[in-house]
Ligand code: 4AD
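The chain that follows stands alone, in the form predicted on its own, written as structure tokens.
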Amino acid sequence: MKRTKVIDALKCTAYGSDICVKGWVRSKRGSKGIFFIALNDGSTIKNIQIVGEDANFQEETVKRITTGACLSVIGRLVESPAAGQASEIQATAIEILGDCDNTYPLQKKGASWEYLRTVAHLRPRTNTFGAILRIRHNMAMAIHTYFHEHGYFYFHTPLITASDCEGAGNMFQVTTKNLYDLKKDEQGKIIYDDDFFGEQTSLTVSGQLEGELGATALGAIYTFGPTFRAENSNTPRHLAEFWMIEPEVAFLDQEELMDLEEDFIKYCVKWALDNCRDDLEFLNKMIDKTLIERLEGVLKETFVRLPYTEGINILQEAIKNGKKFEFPCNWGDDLASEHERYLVEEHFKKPVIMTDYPRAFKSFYMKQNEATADGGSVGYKGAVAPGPTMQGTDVLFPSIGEIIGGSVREESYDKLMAEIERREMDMTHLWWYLDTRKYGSCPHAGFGLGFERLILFVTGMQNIRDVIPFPRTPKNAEF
């Protein structure tokens, strides 16, 4: 008999007909010669109940039905007398496809998040991680659908690169060289002429620079793929391997970029509410009782657009009124997550797009705001800052802090080169990037969204290691 997925079996109303379902045992209980199995195949957060009489099955078969075992069940679909479920299956045949003994790490009792990370190969079978992974899939579908419907082209950027987009140097090197016998020059530097690519290469930290090349040819592109940061960050918000969404758009100014950021993220949140309701209701009950309310709130609110300088003034006023922060927040400081969350969660109580950051801690490719005679700058909506600022547009969210980092890109070759020289950057491997400012340069802008941070917000989870199937963090590359 052809298998029916549990999600479809639960919707079926052909009572009295025979049906075949297959899946894994979530739990089993028995009473007065009757056993009850909660069976799940991953297609939905909900289990289907299997009811069987001991007398109709071999004793050995019934004993082998344990938590985690994989079964094929044929039986009659009937209306369920139990509350909370419309139907159940009265089993007539049970085949055990895979036994599971009592060493199975996912017994019915609760387990800590830390413990579940040690069994990451099995944790997708739990209710919580099944819900998270289904939502993760749906968010990927939302992203592709949004950009496709808005005329963007999916642009594939390389994972192996000789350039460093961020200029931070925290990159994983890629090599085929024998690390025990490295060839070096007279200055002690490694010679790469015998390496696979003939030069030093690394895993990418961002596809943005290559994405800009796509935007200057196709008009509007987006990338969606893994990126890598060799940062020794053991925090609930950082991974060494994570996924990024990076649209780049020609002829887009700062106001239009913020419109895109807000529209895109609202689309993703609405998609989750429309397509993942069962999983969200489970997570709302078990993980975060304000989750659905918070997601619905994002759709209702217009995001605040706040120049960095005004944000600093708000934070300093809060300090005067007794608010205590761990980190300083003077003009010129890179805001910490605590500052971002205060603005979003306590002051405005809605998402914030912060603009016009100081040049000192932003990337070289960002467009600089108009300078004033005293060395300051004039930014978004005429906001005057005491120093040079860049046209950055970072989206700050409740519970997360920064979820999107974006900016208008500097299209002028002369201005871009002046910034590169000021920072004393080595552009040897970025000659091709500079060419775009020589040959038909155009205004353009874009942003980067960390996919896992979006999943954190949509699921209500607190640790980024729990929204990706197999997290890569310092000292951890297992599974």
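Only a predicted model underlies this, so the values are computations on that prediction, with no experimental measurement involved. All residue numbers refer to positions in the sequence shown, first residue = 1.
The discussion below concerns the form predicted together with the named molecule, not included here.
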query: Hey, in the predicted bound form, is His150 touching the named molecule, heavy atoms inside 4.5 Å?
result: no
query: Does the named molecule get within 4.5 angstroms of any non-hydrogen atom of Arg237 in the predicted bound form?
result: yes
task: Please run the contact check for Arg453 against the named molecule in the predicted bound form: heavy atoms, 4.5 angstroms, yes or no?
output: yes
task: Could you confirm whether Glu231 comes within 4.5 Å of the named molecule in the predicted bound form, counting heavy atoms only?
output: yes
message: Please identify the residue among Gln254, Ser163, Thr128, Ser206 with any heavy atom within 4.5 Å of the named molecule in the predicted bound form.
response: Ser206
field: Sole residue of Ile403, Ala220, Ile265, Leu280 within 4.5 Å of the named molecule in the predicted bound form, by heavy atom
entry: Ile403
Which of 316 to 324, 265 to 273, 395 to 403, 83 to 91 lines the interface with the named molecule in the predicted bound form (heavy atom within 4.5 Å): 395 to 403
